[in-house]
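A single chain, nothing else alongside it, follows as structure tokens in the form predicted on its own.
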């Protein structure tokens, strides 16, 4: 009889531990989704700002159509990748697509900044100056949000990899999350906006 109580007590302890670990992993995955939502907000803010920036620049930069179109194309690719990723922030393939789109957009914005140097009237335009200041501010916010997301990814991945919670993570299919990293070291820098 005593053996039955011991076995039953161990079984209850294992079940309670499994529930505790499972709930902890769910909390971490939810925190990861929330931290991606912060990136999502800032990227959306930037994606909304870019068309206004391009429209303002168009009036001055009639001969720079390729640069402007490259920025808009990269913006649209980034927006599409962001929408797909918002459905599952732990999806490594979608993180890669968003990082690639972000790299293209960052490159396009840097090209736009260089081209703008050739247009003194555009640099003097107050609307353009305000938008570029807002873009710079948004870039900083994106960097902070990306850092918070990567911290959440690290915490979640660590929790799902340590023993014995890795057993629970494996049983309930908690897959690894991917950090939001930029491949090209030059692109890790915030977009330089100069006037």
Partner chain sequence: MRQQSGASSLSGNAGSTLGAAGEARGFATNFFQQQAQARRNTWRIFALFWLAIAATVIFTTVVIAFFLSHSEEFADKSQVHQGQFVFHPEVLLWSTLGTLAVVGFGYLRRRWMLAKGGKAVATSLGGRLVERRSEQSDERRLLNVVDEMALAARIPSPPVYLLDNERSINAFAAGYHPTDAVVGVTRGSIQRLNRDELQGLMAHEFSHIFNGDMRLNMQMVCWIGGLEAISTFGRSLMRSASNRSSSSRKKNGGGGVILGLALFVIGILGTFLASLLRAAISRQREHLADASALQFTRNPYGIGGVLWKIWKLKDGGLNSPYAKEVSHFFLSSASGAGTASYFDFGFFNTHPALETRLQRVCPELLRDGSRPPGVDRDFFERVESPIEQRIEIPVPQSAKLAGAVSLLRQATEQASALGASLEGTPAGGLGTSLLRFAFREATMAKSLALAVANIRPTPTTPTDDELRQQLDAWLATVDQPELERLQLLNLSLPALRETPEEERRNWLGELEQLQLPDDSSDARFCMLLLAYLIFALHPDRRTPLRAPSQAERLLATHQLLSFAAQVGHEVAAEREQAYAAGWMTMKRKLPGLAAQPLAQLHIAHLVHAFRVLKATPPLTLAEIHQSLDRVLGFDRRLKGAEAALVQALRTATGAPNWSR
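On a predicted model such as this, the values are computed, not experimentally measured, just so you know. Residue numbers count along the first chain shown, from 1.
Although not depicted, the form predicted in complex with the partner chain is the subject of the following passage.
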item	value
The partner chain contact at residue 69 in the predicted bound form, heavy atom, 4.5 Å	no
Proximity of residue 144 to the partner chain in the predicted bound form, heavy atoms at 4.5 Å	yes
4.5 Å heavy atom contact, residue 38 and the partner chain in the predicted bound form	yes
Any non-hydrogen atom of residue 56 within 4.5 angstroms of the partner chain in the predicted bound form	no
Contacting member of 158, 30, 166, 52, with respect to the partner chain in the predicted bound form [4.5 Å, heavy atom]	158
Neighbours of the partner chain in the predicted bound form among 148-164 [non-hydrogen atom within 4.5 angstroms]	148, 150, 151, 152, 154, 155, 158, 162
